[in-house]
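Shown here is one chain on its own, the form predicted on its own, set out as structure tokens.
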């Protein structure tokens, strides 16, 4: 159930393992793709409603593209330039240690405190917030100016509530193994060089932003097209039952269909009511996962009239700045084909866990606030010639402290229901790469190579 990237990729992965498998995908909406949707507007801009791109560091996503016959489009090298707005100016994020020491983003005491991270060790909590972790390792200033805006950029989240081990499990593992992140990073880089790897671990997310010539919808549209009549749109599932080893899908239209296995790939808030009659425990756990509201404001400008503009990817804003926006991506810098020649496309995020009420402002007021912030921050000298506003009442699932325990409870309850799998970005990774990788894991759990393979939920 659910024809977003998780549902589509799971169906494709199952069929890749067994072309004879009988697979059916149910989608309550009138289109496939979930939060992946690209709009090509008459003015010549290419706007993303949701997912903007993926990082090419995940082999599985690139394998999926090859399997369905797509050629990914790598972003421009300028995408490596990222900025943080702090204390009245934009600061380029340092890419290497010497640049960090010269950057004015942090004060000298703040920079020295980050260097002192090498003397830190693991904390006493098994599950701590990003704020607790960042302050303990890097100091308060570095947390506020680096980690806090990162949390809003990735999750539109509140770093004082989000779980480190669930949001960034690799960082949690490095801390657990090495104590200090800096010491761990140095050792991992040495190991990578000894093994002959070209890409060594770094402080950033790694990889290059990647999309497609026609936008991210190319991937979901291609998957949906290849699945053909297996995909049933405008077919809502009201509930799921389990009797004598078979699952009944009770459709909202009134009929019931039976299956051996069921994969729920819809958002958690949509999965919860489907499972209410099957397991109140599971429904209660997944229904409690929060999704804050988020608005995406796309603006097109004439490059010559907009003022100084901004090179690189864009910028994020720490919550301490008390701004109305979370940050802005210069889409046409990353993927030049997203704006006509001589034009610039900006994509600004508003709302999220910090200020969800701002995402619900009327269009005119929302636009006024966005432009006021961009003119102040970027020095815009003109009004946009194109505007498109996209709203998500329930945007990105939030992995708060306790998320790992939530998953443990769900996994234990799922042992009662063999062949039932919950997937999607509400559980183990919010990115498109995470969803595609988890789709492959789901296919392997349902169609194992041998009887010894497990069945992760």
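Worth saying up front: this structure is predicted, and the values here are computed from it rather than measured. Numbering follows the first chain given and starts at 1.
Separately, the form predicted together with a small molecule exists; it is not shown, and the next lines address it.
S.K.: Flag residue 296 as yes or no: does it have a non-hydrogen atom within 4.5 angstroms of any non-hydrogen atom of the small molecule in the predicted complex?
M.R.: Close contact exists here: in the predicted complex, residue 296 approaches the small molecule to within 4.5 Å, heavy atoms only.
S.K.: Residue-level contact is defined here as any heavy atom of the residue lying within 4.5 Å of the small molecule in the predicted complex; does residue 120 satisfy this criterion?
M.R.: Outside the cut-off, so no.
S.K.: Considering only heavy atoms, tell me if residue 420 and the small molecule come within 4.5 Å of each other in the predicted complex.
M.R.: No, residue 420 is distant from the partner.
S.K.: Within 4.5 Å, heavy atoms only: does residue 410 come near the small molecule in the predicted complex?
M.R.: Contact with the small molecule, no.
S.K.: Give a yes or no on whether every one of 157, 355 and 359 sits within 4.5 angstroms of the small molecule in the predicted complex by heavy atom.
M.R.: No, the candidate spot makes no contact with the small molecule.
S.K.: Tell me which of 124-132, 369-377, 157-165, 233-241 has residues with heavy atoms within 4.5 angstroms of the small molecule in the predicted complex?
M.R.: So the stretch in question is 233-241.
S.K.: Counting non-hydrogen atoms within 4.5 angstroms of the small molecule in the predicted complex, say which of 59, 29, 44, 402 makes the cut.
M.R.: Among 59, 29, 44, 402, a heavy atom within 4.5 Å of the small molecule in the predicted complex occurs only for 29.
S.K.: Among 350, 219, 151, 265, which has any heavy atom within 4.5 Å of the small molecule in the predicted complex?
M.R.: Selected option: 265.
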